[in-house]
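In structure tokens, one chain follows: the form predicted alone.
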């Protein structure tokens, strides 16, 4: 763990502020959004002006977490002017301006900066920071922060944290789902989490376009390193051919990792701006955090990613294959 303050101290700073903007990483997942929405809701309950500034509208499969419209009182916005001069700006589930592209200038407006994260490859930054790679999800850190500050819980807060923990532990399948994870989940269930609704929204609500995209991508999977690695590529042309969007490739990497004999699953995604985003997942023993870090990214031992700038898919494949083969040969 790397920190220069306790969670209670960070919480006290947040709850004493007049305005706060929370910054999840680009293309936020369930853990980043769950952490932000839970913390934003708790701060608003205390009358603090708080927003979650995201880089693009929420993905369809996560939109249930933050209903739009007047009745929903949404936390998330793409409006960079949501708060003119924020008192505190907070990195959530990330650390560093490179993880919040397009929102850096807004972050710099904060009088004070805070970082709350659980990625082992993150470096300390901010006036206050708390990075604990032993936690299965950043939502677990936010859970503890809210408890330490004596927050009164409501269902939206509990649902957001439960969703974040579920998504970052593979619905409690991954090895990071330890005893603490299950104790927190049990406590959230006692509060009144909508377990069935969350499970249906996350795992039993697949868009048919996702099925078409996965089918096409899996038909072109490349196996290497003696079958220990499986890689799929999602080009802009493939999206057009299947009538899908990049968010529909979100679960593709799990399909690859789940193949018998495969230790590392890799998905390469071609962006509209000439970059390639690479995601890595390991099953048992490989350290894909090292792989991503060497390629300019970061993450965890078994789940990581990076962006290869100004690179086409074929070049990205060669770079990734070489580095993954090196990792698997150790």
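On a predicted model such as this, the values are computed, not experimentally measured, just so you know. Here, rigid core means the biggest group of C-alpha atoms that superpose within 1.5 Å across both forms. Positions refer to the first chain, counted from 1.
Absent from the display: the form predicted in complex with a further copy of the same chain. The rest refers to it.
Novice: According to a 4.5 angstroms non-hydrogen atom cut-off, is residue 179 in contact with a further copy of the same chain in the predicted complex?
Specialist: Flag for residue 179 set to yes.
Novice: Does residue 87 make contact with a further copy of the same chain in the predicted complex, using a 4.5 Å heavy atom cut-off?
Specialist: Outside the cut-off, so no.
Novice: Answer for residue 273 alone: is it within 4.5 Å of a further copy of the same chain in the predicted complex, judged on heavy atom distances?
Specialist: Taking the distances in the predicted complex, the answer for residue 273 is no, it never comes within 4.5 Å of a further copy of the same chain.
Novice: In the predicted complex, does residue 190 have a heavy atom within 4.5 Å of a further copy of the same chain?
Specialist: Residue 190: contacts a further copy of the same chain in the predicted complex.
Novice: Looking at 123 to 131, 197 to 205, 76 to 84, 150 to 158, which stretch has residues with any non-hydrogen atom within 4.5 Å of a further copy of the same chain in the predicted complex?
Specialist: It is the stretch 197 to 205.
Novice: Just to make sure I understand: among 288 to 317, which residues lie within 4.5 Å of a further copy of the same chain in the predicted complex, judging by heavy atoms?
Specialist: Result: 302 alone.
Novice: When the rigid core is used for the superposition, does residue 232 move between this form and the one not shown (threshold: C-alpha shift of 2 Å or more)?
Specialist: Superposed on the core, residue 232 moves its C-alpha 2 Å or more between this form and the one not shown.
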